[in-house]
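Given as structure tokens, the chain that follows is alone and in the form predicted alone.
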């Protein structure tokens, strides 16, 4: 057994886009910071190159988490230093302006999402994380074919902006960039914060926040070994504030276990999606290029189409047929392309602790609406048409009850012929939001415009759970920009408070007669 105790000005729970950015800003301002991460600190060079091995190391429960209900929806979550940034493709989107205005005007976030201030934060992040559009030379066959299909249908697509200007096209983002070109938090802001004086404790699971007189004073939990067995108690004190940045699933769980209720966990939102696979006469070469390099934003239709490359062992599972038919398609695996649709769903779910499970486990209830599923169907049909427009000889829509192999564009009508329930699609959700939403009204929001938990001193939430609505774009950059703004303001307020305190002490000392001070000394 090995207990862990520590103390700092700020204790940050989680090392993903939110937690690492907060650590980077606060440590740069001269504050002492402790970062706590439930997962391991992985060495990129030692991470398995096969996706299943990588998932076993870095994904929460190897990607098997799912919503509850009649049609479970897989929820992809990271559990490692760097959080989701260590297992995603590094896609960068600034917060859409119409969303920013809604947050400002309807949610009362005002200064937090001020256009100029937020733009300056994005500029700083983009410069530090080497963000650039993916060059066509790094698209690979998968993205190049998608661009061809989009152009043929008159759809406006573009190269994906990513935090990987030195990308070599290894198509291994999900396993951890082998050359660390992608500036995920585990190779950028976490080590930067450490250089600035912050401390990191990995395999340190936080179960709850500790309070004293209505103020957050620290956290407690467990120290884990490599097999996730408890080997000690965790107690870390926060002199100024606790910042929870553990994800849209785990953050509300921690707050619930800490006794906080109200809107906490009541407004879970997501971007579920699914993929379409196509077979081409020409080699596609999915093993080269950025994992995700090209996208077709369709914001007016509440969806986004993306190219996404997977390693052979994963894409082979998407091939239809059995026996000789499946083997024949497997023999031509290098001729296969895969594109996905992410839907900005209207559905709102709920997150609660799984009281009878292991510490930190969550219960998530979430069910897409009928309108959401209509958009999924529309997105799949659009991808199928793009595949044929790009020259596919076969398209595999992946919908139960629909012909598994389409060989002519006219057959896409089979996808659209009727509504399909969620259970008929191979769907998953990777962008999770809004379970601890920010807003001025405590009745409808868990945290205020400064991301401080309503009614509690010294407790903040700075991750995707604090984003008050579904974005419709990849959230990493928005999380970082909003967190940067909140952390900057927190650092300034804390510094001002400390300056006032020092000033008051000096003023008091100056008012005491020198003889009295000397005698006291």
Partner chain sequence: MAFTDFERRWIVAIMSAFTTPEGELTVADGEADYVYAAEVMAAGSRLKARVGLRVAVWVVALAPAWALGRAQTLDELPAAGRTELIARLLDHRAYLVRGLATLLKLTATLAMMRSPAVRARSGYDRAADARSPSTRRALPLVTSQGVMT
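Positions refer to the first chain, counted from 1. All figures in this text were calculated on a predicted structure; none of them were measured in a lab.
There is also a form predicted in complex with the partner chain; it is not shown, and the following applies to it.
*Asks:* Which single stretch, out of 443-451, 371-379, 189-197, 144-152, brings residue heavy atoms within 4.5 Å of the partner chain in the predicted bound form?
*Replies:* Flagged stretch: 144-152.
*Asks:* Among 178, 72, 232, 110, which has at least one heavy atom within 4.5 Å of the partner chain in the predicted bound form?
*Replies:* So the residue touching the partner chain in the predicted bound form, by this definition, is 72.
*Asks:* Though the partner chain is not shown, can you say which of 408, 105, 328, 212 has a heavy atom within 4.5 Å of it in the predicted bound form?
*Replies:* The option sitting close enough to the partner is 328.
*Asks:* Counting only non-hydrogen atoms and a 4.5 angstroms cut-off, does residue 65 reach the partner chain in the predicted bound form?
*Replies:* Residue 65: yes, in contact with the partner chain in the predicted bound form.
*Asks:* I'd like to know if residue 139 sits close to the partner chain in the predicted bound form, meaning any non-hydrogen atom pair within 4.5 angstroms.
*Replies:* Within the cut-off, so yes.
*Asks:* Using a 4.5 Å heavy atom cut-off, state whether residue 285 contacts the partner chain in the predicted bound form.
*Replies:* Yes - in the predicted bound form, heavy atoms of residue 285 and the partner chain come within 4.5 Å of each other.
*Asks:* Is residue 317 close enough to the partner chain in the predicted bound form to count, meaning some heavy atom within 4.5 Å?
*Replies:* Contact with the partner chain, yes.
*Asks:* Is it the case that 94, 127 and 365 all touch the partner chain in the predicted bound form, with a non-hydrogen atom of each within 4.5 angstroms?
*Replies:* No, none of 94, 127 and 365 comes within 4.5 Å of the partner chain in the predicted bound form.
*Asks:* Scan 218-235 and write down, in order along the chain, each residue with a heavy atom lying within 4.5 Å of the partner chain in the predicted bound form.
*Replies:* Heavy-atom contacts to the partner chain in the predicted bound form: only 228.
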